[in-house]
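As structure tokens, one chain now follows by itself in the form predicted on its own.
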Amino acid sequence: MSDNKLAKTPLFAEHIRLGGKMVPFAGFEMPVQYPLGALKEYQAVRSGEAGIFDISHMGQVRVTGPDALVFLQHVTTNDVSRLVDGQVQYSALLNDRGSFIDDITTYRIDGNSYYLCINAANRHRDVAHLQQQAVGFDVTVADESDETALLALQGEKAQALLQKITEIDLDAIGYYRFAVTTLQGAEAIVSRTGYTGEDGFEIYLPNSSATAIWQALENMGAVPIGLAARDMLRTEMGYALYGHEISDSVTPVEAGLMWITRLDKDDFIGRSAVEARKESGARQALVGLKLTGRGIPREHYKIIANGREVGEVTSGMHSPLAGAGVAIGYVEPEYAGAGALSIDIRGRAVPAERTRTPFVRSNVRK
């Protein structure tokens, strides 16, 4: 695919039919919002309804074979041996420097079969990395991204809507659990996961089934959600996003993701570098900030202390629920817990207080 030729998801025609404003995103043409507007889309998910998201740009990789577990233990940070069939795990791929190649989710189908969801912008790099590392292991690494559609149904009514088109008992699927089932005759993976802080599901389908399932859920009242509202929901939760809070220039130590980096398991790629960074101390620290003055913080805005720049915003927005501007950003380690901070918003230093994320209450079902 050339740089100037954007890919289309299987739901591209639906976005056009619905009046979606299409923009380039991770090599795809994706809807940033629909005529309802990003704020109303956001409110549909946060205020007791359900939103439907096309996230088919994400990548999917199937890892199978007798060495699947030992291979994934080698290439991912989390402890895959803790998974049981039907369980999902948040994890990461690191390079030898201990910094992020990507953050991923790992699905255990059975002891010899796993399914990985990877970020769209990193798909080809991730697959190349995994296939290169697979040499010497009795595994097959298959990129199924081009054949797979992925929908997210998020919000209080998500389960009630999805239950109308599936025979499986969705109530039996716990948080970060999944079931392999059929939806309108097509095999699907239905997982209670998401990136919004609301209860909901992610649904992996063959491309040929995506439109029918999308329309069925939309006709039952699911509100189509674009990239802008999706990022608002994600930022309010303080969830890390590749290219923002995590990248190939930061390690799990800086990113606050040591909880998915199991130093108590056998060796994995990047482990020694992470241990060294943990020993020497983080070079920067990720903090949550809530403005106490008026303004909207945005990515790359400078974080100020004592009249000088001490960090940078990685994600920021006005949070309707928090009633203020909120931001995630990196600061020099000494400013992670003490000292007055402000954010430079168009030449104006707006005071901010440190706060734990999420900025608003999470409603995920645990």
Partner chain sequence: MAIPVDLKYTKDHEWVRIEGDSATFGVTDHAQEALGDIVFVELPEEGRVMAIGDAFAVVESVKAVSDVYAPVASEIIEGNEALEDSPETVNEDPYGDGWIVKVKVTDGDTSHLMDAAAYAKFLKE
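The structure presented is a predicted model; accordingly, all values stated were derived computationally and were not measured. Numbering follows the first chain given and starts at 1.
Below, we turn to the form predicted together with its partner chain, even though it does not appear here.
Mapping the unseen interface onto this chain, Tyr335 falls outside it, with no heavy atom inside 4.5 Å of its partner chain in the predicted bound form. The shortest heavy atom separation between Asp231 and its partner chain in the predicted bound form is within 4.5 Å.
Its partner chain is not drawn, but in the predicted bound form it has no heavy atom within 4.5 Å of Arg354. Leu321 falls outside the set of residues with a heavy atom inside 4.5 Å of its partner chain in the predicted bound form. Candidate site formed by Tyr176, Ala186 and Arg365: none of these residues places a non-hydrogen atom within 4.5 angstroms of its partner chain in the predicted bound form.
Contact with its partner chain, judged by heavy atoms within 4.5 Å in the predicted bound form, is confined among 64-72, 44-52, 295-303, 326-334 to 295-303. Ala38 is the sole member of Ala38, Val310, Val313, Met58 with a non-hydrogen atom lying within 4.5 angstroms of its partner chain in the predicted bound form. Contact residues in stretch 326-352 (any heavy atom within 4.5 Å of its partner chain, taken in the predicted bound form) are Arg346, Arg348.
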